[in-house]
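Coming up is one lone chain in structure tokens, specifically the form predicted alone.
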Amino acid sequence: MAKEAVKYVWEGAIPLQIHLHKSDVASHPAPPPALVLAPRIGYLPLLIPLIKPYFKDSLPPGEDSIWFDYKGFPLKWYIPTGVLFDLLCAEPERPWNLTIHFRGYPSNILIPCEGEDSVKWNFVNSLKEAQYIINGNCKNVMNMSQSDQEDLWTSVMNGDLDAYTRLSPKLKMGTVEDEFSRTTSLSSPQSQQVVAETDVAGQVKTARIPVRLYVRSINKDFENLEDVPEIDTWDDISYLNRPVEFLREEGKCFTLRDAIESLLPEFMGDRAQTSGEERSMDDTEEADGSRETGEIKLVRIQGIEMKLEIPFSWVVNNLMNPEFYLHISVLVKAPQR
């Protein structure tokens, strides 16, 4: 079951319709958009070798750094494509219409990107961060041979789960017991990811899970996801790069709700409400308090709208990205002041 879930994550893809920005069009008529299937665990700059040849006859001479936007909103190249989609498209748009630019790089918004080399550097750096969170050091990444590190990166670029599965155990990330099935699939690459304190019986008690949380805050209320307003600025998104302390108590399951509460206590207090939950008479009487704490409208991981009561161990073992980070996109209705 776990192996199959990880396989779905690696095979996940988003259909993109890429438009050439009008300022880059030097031909008449303008070229039709390019259609590309983008891996969820991949990064937009890795698509450039596919897209650039398609538009080459329409481009003027010379170019700047290449970048993408969604409805005029510059996209951060170091965030996995699937995370960008989950974060920016509350109501999924298929195909996802993006615009590619070959000049006018918005360096005031985006950090420089030199193509694949920058993306690879970002991936390896994230891998080191994750291992430091899990193990307290990153020596296993540092001690990896150059060829193994190159092969690991190539497996991610090519979506080759089998190659990744052979190489990732060399990182020695440890294990976490899956509370959903009470078994851990040793054949799953993501089952290698968390070192934990154990008791004499070998049962997991605590662990540190690398998490990147993206919180998009909406000021106006909405009932349906299609009513979510378009995003104007990255200032509307809060970014938390923080480990979750995975706590196990006898007879209690540590859930996704517990994990998010540890990161966003202001939205997960006793009176905080999550979208779709029924409210009792007492809750209704305390409606003002609920509004003050805000409301979580949506939690999405790997394109899945998550139920908060799911065991966090299952999420960790099955939905992590290859750099051993769990990326969580959260849409919240901001508190009314």
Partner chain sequence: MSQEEKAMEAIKDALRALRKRHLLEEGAHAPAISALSRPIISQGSEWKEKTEKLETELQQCYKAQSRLSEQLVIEVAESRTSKAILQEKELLINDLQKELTQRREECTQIQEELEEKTKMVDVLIAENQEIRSQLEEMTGRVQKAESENKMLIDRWMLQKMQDAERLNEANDLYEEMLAKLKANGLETLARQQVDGIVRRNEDGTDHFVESTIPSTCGHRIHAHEGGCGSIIFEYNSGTLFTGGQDRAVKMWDTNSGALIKSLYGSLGNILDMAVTHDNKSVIAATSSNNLFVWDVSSGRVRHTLTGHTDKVCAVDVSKFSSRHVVSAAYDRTIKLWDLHKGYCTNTVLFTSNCNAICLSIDGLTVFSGHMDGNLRLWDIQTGKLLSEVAGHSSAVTSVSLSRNGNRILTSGRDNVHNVFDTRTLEICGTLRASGNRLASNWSRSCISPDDDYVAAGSADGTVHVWSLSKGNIVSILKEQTSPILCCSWSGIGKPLASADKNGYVCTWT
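Quantities reported herein were computed from a predicted structural model and do not represent experimental measurements. Residue numbers count along the first chain shown, from 1.
Another form exists, predicted together with its partner chain; not displayed. Remarks below refer to it.
Against its partner chain in the predicted bound form, the set Lys71, Phe123 and Pro322 makes no contact: no member has a heavy atom within 4.5 Å.
Its partner chain is not drawn, but in the predicted bound form it has a heavy atom within 4.5 Å of Ile14. Interface residue remark: Cys253 is counted as part of the site for its partner chain in the predicted bound form, having a heavy atom within 4.5 Å. Heavy atoms of Lys220 never reach within 4.5 Å of its partner chain in the predicted bound form, leaving it off the interface. For Arg40, a non-hydrogen atom is located within 4.5 Å of its partner chain in the predicted bound form, even though that partner is not displayed. A heavy atom within 4.5 Å of its partner chain in the predicted bound form is found for one listed residue only; from Ala30, Ile48, Ile304, Leu59, this is Ile304. Only one of Gly104, Gly159, Gly115, Pro95 lies close to its partner chain in the predicted bound form, with a heavy atom inside 4.5 Å, and it is Pro95. Contacts to its partner chain in the predicted bound form (heavy atom within 4.5 Å) from stretch 44-80: Tyr54 only.
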